[in-house]
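Before any questions on how it binds or moves, here is one chain, the form predicted alone, in structure tokens.
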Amino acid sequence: MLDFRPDEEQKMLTETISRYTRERVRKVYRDAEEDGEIPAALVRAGWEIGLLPTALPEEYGGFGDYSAVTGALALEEFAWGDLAVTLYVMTPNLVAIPVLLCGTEEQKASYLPRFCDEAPPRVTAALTEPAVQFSPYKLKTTAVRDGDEYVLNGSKTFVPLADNAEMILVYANEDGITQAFIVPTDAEGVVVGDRNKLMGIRSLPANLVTLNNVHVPASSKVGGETGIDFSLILNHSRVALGAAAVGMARAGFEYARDYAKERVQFGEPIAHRQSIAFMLADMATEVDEARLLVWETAWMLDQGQDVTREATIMKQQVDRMVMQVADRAVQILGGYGYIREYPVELWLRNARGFATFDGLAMI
């Protein structure tokens, strides 16, 4: 029998994140969305909670207590506050976790200590491509071996914080297999293009990145000659995105529930109407179901199991759930749900993006 009751350390972590999101994120996230910029102090405070360093081994400067379940608990609490802030704070994970999972000993020793400093390194990862029917297993970006180097060519989109990054973890197709390469942004041929104009998560800077005959040493290939287990990395990303979707859906449900209790029409709260009450009950059930799917998949990851099937099913279900819950939250608010002064329209826009967010979060 699985037991998902959090231990004391997990409780302390989630309580700390919950306090951060309630007291800091929720006060500024709407202004950040309108301005297209997250306050640096807010990001710094999120990083100082120390979620990533606690997942890294002591030999690399961390605390040696990696757990996908703990990461899922944390991501839900972060995303309850705001999805864009969550993805911003978690961007360093996009490099650290793949290196931890699949890197050579030399790569781990070289890169992982950088993620245990007071300030996060300026790094990001590039997986998604501007292509119809994009598949992370069939990338158009190519990596061709040329002696002691690799030559990279291709285009990427949705690359978070690329305009300020010193290094990008680029996923590319090498002989039909997805591999990852550590690429300095000052390498010749790397072009960070315009910022993506996104429907949601508008306070998260994300850019187009083009690679034109970019030469990198063979040692930059994560995992060395063996390369990476891309399915393992993608499964970690999908668990992270699933947890974030649950957190945001929970926020939408709670807001709609509280609104329905307070909104009085015809002499009684609208929550007393069966149509509203049943809708809220369905929302609560769907959030709890999705959470259990995420937790089970995360637990299986921690046991070293291949969860490609489970992660794929979970992600499909969670993507549907977060859209349904966000849409119902808008419905419950009626006309107010379509007004930008209320957060539910933002959550609906953000929810629509989860189906395209592969590679934007990692635990």
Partner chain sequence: MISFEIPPFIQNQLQMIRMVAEQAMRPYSRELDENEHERPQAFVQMTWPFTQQMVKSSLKPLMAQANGNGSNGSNGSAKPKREGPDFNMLSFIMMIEQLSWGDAGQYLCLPHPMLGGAAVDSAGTPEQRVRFLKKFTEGDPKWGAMAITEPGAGSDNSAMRTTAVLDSDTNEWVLNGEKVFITNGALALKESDGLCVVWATVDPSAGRAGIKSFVVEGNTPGVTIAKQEHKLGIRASDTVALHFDNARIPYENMLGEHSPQPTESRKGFQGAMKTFDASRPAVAASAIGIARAALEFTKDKLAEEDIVIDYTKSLHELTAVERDVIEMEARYKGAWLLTLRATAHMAHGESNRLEASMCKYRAGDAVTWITQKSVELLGPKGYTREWLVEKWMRDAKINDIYEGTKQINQLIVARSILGYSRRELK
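Numbering follows the first chain given and starts at 1. Quantities reported herein were computed from a predicted structural model and do not represent experimental measurements.
Not on display, but discussed next: the form predicted in complex with its partner chain.
Under a 4.5 angstroms non-hydrogen atom cutoff, its partner chain in the model of the complex has F134 among its neighbouring residues. Put simply, Q265 is far from its partner chain in the model of the complex: not one heavy atom of it is within 4.5 Å.
The closest heavy atom approach of I313 to its partner chain in the model of the complex falls within 4.5 Å. Residue contact check for E48: none of its heavy atoms lie within 4.5 Å of its partner chain in the model of the complex. Relative to its partner chain in the model of the complex, residues R5, A277 and T308 are all within 4.5 Å by at least one heavy atom. Proximity to its partner chain in the model of the complex, taken as heavy atoms within 4.5 Å, picks out 250 to 258 from the listed stretches 250 to 258, 156 to 164, 178 to 186, 109 to 117. Of the listed positions (L333, V69, M323, L56), a single one reaches within 4.5 angstroms of its partner chain by any non-hydrogen atom in the model of the complex, namely V69. Note on the partner interface in the model of the complex: the residue among P269, G193, G227, P121 having a heavy atom within 4.5 angstroms of its partner chain is P269. Along 281 to 320, residues A281, D282, A284, T285, E286, D288, E289, L292, L293, W295, E296, W299, T308, R309, E310, T312, I313, Q316, Q317, R320 each place a heavy atom within 4.5 Å of its partner chain in the model of the complex.
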